[in-house]
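In C-alpha cells, the next block holds one chain alone, the form predicted alone.
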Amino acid sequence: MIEFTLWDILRNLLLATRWTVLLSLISFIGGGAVGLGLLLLRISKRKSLRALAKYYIELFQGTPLLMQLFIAFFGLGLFGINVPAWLAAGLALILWTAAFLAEIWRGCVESVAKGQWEASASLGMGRLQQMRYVILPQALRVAVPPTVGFSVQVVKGTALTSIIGFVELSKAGTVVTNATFQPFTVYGLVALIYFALCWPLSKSSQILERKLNVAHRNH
C-alpha cells in the first residue's frame, strides 16, 4: 500500500486549485461582460428588450446552478453536441454569474438620482453617453462592494462543476480521498484552501463598503 504524506496530499490539491482559480476568473470576467449587456437591456427604453433581460435573469436566478451545469453538459449531448467538461462548466457559470451581476448593477444604477438623468439629457447626451459619462461612474462606487462580495459565491460555485467531471478543488478532494483513505485530512485541507481563496475577497468587500459609507457621510 502506497503511503501518502501530508505534502503529497496538499500538492495534489494545490494543482487542482489552479483550475478552480482559472474557472472563477473566466466565469467572473465573462459573466461581467454578459451582465453588462443584460444591464443595458434591463434599463432600455424598449419594453421588449427589458422583458427579454428580465426573463433571462429570472430563469437563471430561479433555477439551481447544478441543473444548469447538467443541461450544459448532458443536455447538449442529446442533440449530438459533445461539449468538454471545462467548456460546459465555463459556459454555465458565465451565464449564471451574468444574471446575478446584472441585477446587482441594475440596483446600483437605479440608486443614482433621477435628476442626474435629466441633467445629462438637458445637455443633449444620448442614452449611451448618459450611461458612460454620468450614470456608470456614480453607480460604480456603489457597485464595487456587492460585486466583489458576489465573487465569493462564484468561487464556491465552481465546486458544483464536479458533477460533470471537471476536476477542480472539490473533485480533486474526492479523488485524493479515494486514494489515501484520509477523508478528514483531505477535506480539512480543501476547506482551508477555499477559505484562503474566499476570505480576502470577503474582507475586501467589507472594507470597500465601510469606505463607501464613510465617504458618503463626509459628502
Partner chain sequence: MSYHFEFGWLLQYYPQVVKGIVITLELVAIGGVLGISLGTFCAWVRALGPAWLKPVVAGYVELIRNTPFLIQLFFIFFGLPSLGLQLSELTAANLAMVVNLGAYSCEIIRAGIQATPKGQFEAGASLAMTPFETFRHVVLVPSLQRIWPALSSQVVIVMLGSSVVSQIAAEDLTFAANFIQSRTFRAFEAYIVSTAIYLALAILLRQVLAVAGGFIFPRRLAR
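This structure is a prediction, so every number in the text was calculated from the model and none was measured. Residue numbers count along the first chain shown, from 1.
Same protein, other form: the form predicted in complex with its partner chain, not shown, and the subject of what follows.
Though its partner chain is absent from this view, in the predicted complex it lies within 4.5 Å of a heavy atom of just one residue from Leu208, Leu10, Ala16, Cys198, which is Cys198. Contact annotation: its partner chain lies within 4.5 Å of heavy atoms from the stretch 70 to 78 in the predicted complex, the single such stretch among 87 to 95, 118 to 126, 104 to 112, 70 to 78. Within this chain, Lys156 lines the site of its partner chain in the predicted complex, having a heavy atom no more than 4.5 Å away. Contact between Thr174 and its partner chain in the predicted complex is found at the 4.5 Å heavy atom cutoff.
Contact annotation: Ala191 falls within 4.5 Å of its partner chain in the predicted complex, judged by heavy atom distances.
In the predicted complex, Ala53 stays away from its partner chain, with no heavy atom inside 4.5 Å. Residues of 24 to 63 lying near its partner chain in the predicted complex, listed in sequence order, are Glu58, Leu59, Gln61, Gly62, Thr63, the criterion being any heavy atom within 4.5 Å.
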